[in-house]
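Shown here is one chain on its own, the form predicted on its own, set out as structure tokens.
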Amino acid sequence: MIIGVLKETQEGDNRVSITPKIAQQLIGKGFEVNVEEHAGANSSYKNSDYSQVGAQIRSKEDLFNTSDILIRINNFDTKELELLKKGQIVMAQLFHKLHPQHMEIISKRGATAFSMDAIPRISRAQDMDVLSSQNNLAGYKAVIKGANEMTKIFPLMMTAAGTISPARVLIYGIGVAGLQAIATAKRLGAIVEATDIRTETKEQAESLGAKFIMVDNSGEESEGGYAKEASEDYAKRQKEAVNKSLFKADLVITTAMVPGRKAPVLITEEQVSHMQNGAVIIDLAAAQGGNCEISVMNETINKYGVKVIGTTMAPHSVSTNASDLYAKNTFNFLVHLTHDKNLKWDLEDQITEETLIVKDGEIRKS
């Protein structure tokens, strides 16, 4: 079975889906690994690093012509999907519910698609969970990015010239990214508050030193370890409970995403207008519509004296570590899916069933 590793084309993404170390492990398992020229360059991996472990450097055209499985981190564009051949397999973060038109093209080409963002949050899938591995880095990097953009420092500092009060940080969403953001901001000396629709995250947030902003979540549920889209009533109650902290915050980090759907709006433009001058919002959900109403993916918006940075790119700025983790997740997923270099197609298995979006042209998930 031939694996084709494609270079990332999304603006600003410096990662690569398979590193030389993982390429070597796949080759050891009997796979042939071909890598698009310079695919790993922005993650500090040269073409020669891949060649030395037995991978072949190929053009993008060659990969589409010869690969059984095409692997990338981000979604394929329409022109690329039109190049697919019957029976080929694509494996990436497809976010299929947001991109049904892409699934239609894959279907028409008679191809198969596995979506890495759809890996279930269960214990035996933890080592395949790309969202968790990347979000862990995102939470850390969001705080570092925020620190760089702020005009204040994080810690309390007592000097001969006077005392500097610690910065106030507010975090929406206590998942993997949120927890890492709490831990990082606390280590830097900030006062940290956090909120989440899932009250079961209260203990986790408090264990890392954050104050949990409690919102009555009667009638709201979580699903498979992820938050579900909140009702309008809950969103109103959350807004009322959080506003006091939001308006005093120096840095706000939003991490709330609903798998496969548009991100919920947690901060309206009207709320931004009441925030203190010089505050910074890092919106990690920007690629899925954003948690802040005025955020734009890959842009910094300055409005009402507040700097709103729309991004999911935080892991990309530590692309070597991010690539290492993503590649290991992908390796574990491939090992799970295959036996003797062939796909097992075990649809009774939860991991396979939930990630297999299109099979041989048939759309299974919408």
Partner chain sequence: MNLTLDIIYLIATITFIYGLKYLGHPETAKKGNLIAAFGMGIAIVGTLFLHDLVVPTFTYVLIIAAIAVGTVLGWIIALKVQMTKMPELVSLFNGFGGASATIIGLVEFNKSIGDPTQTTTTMAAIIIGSITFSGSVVAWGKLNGTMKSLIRLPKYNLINNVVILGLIVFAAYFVWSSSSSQPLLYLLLFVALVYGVLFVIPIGGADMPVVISLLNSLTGIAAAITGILYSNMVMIVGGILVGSAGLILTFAMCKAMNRSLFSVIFGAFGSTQAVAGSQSVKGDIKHATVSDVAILMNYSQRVIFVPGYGLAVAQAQHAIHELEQLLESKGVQVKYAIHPVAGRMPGHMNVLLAESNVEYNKLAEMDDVNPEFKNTDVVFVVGANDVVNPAAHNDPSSPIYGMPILEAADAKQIIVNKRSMNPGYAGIENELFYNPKNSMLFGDAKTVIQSLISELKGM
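What you are looking at is a predicted structure, and each value in this text was computed from that prediction instead of being measured. Residue numbers count along the first chain shown, from 1.
Not pictured, yet referred to below: the form predicted together with the partner chain.
Shown here without its partner, the chain carries 258, 268 and 303, none of which come within 4.5 Å of the partner chain in the model of the complex through any heavy atom.
Only one of 184-192, 110-118, 90-98, 233-241 lies within 4.5 Å of the partner chain in the model of the complex by heavy atoms, and it is 184-192. Taking the partner from elsewhere, residue 216 is found to have every heavy atom lying beyond 4.5 Å of the partner chain in the model of the complex. Contact annotation: residue 124 falls within 4.5 Å of the partner chain in the model of the complex, judged by heavy atom distances.
In the model of the complex, residue 208 approaches the partner chain with a heavy atom inside 4.5 Å.
Although the partner is absent from this view, residue 180 contacts the partner chain in the model of the complex, with a non-hydrogen atom inside 4.5 angstroms. Checked against the partner chain in the model of the complex, the candidates 74, 199, 204, 245 yield a single residue with a heavy atom inside 4.5 Å, and that residue is 204. Checking 272, 81, 176, 249 against the partner chain in the model of the complex, a heavy atom within 4.5 Å turns up for just one residue: 176.
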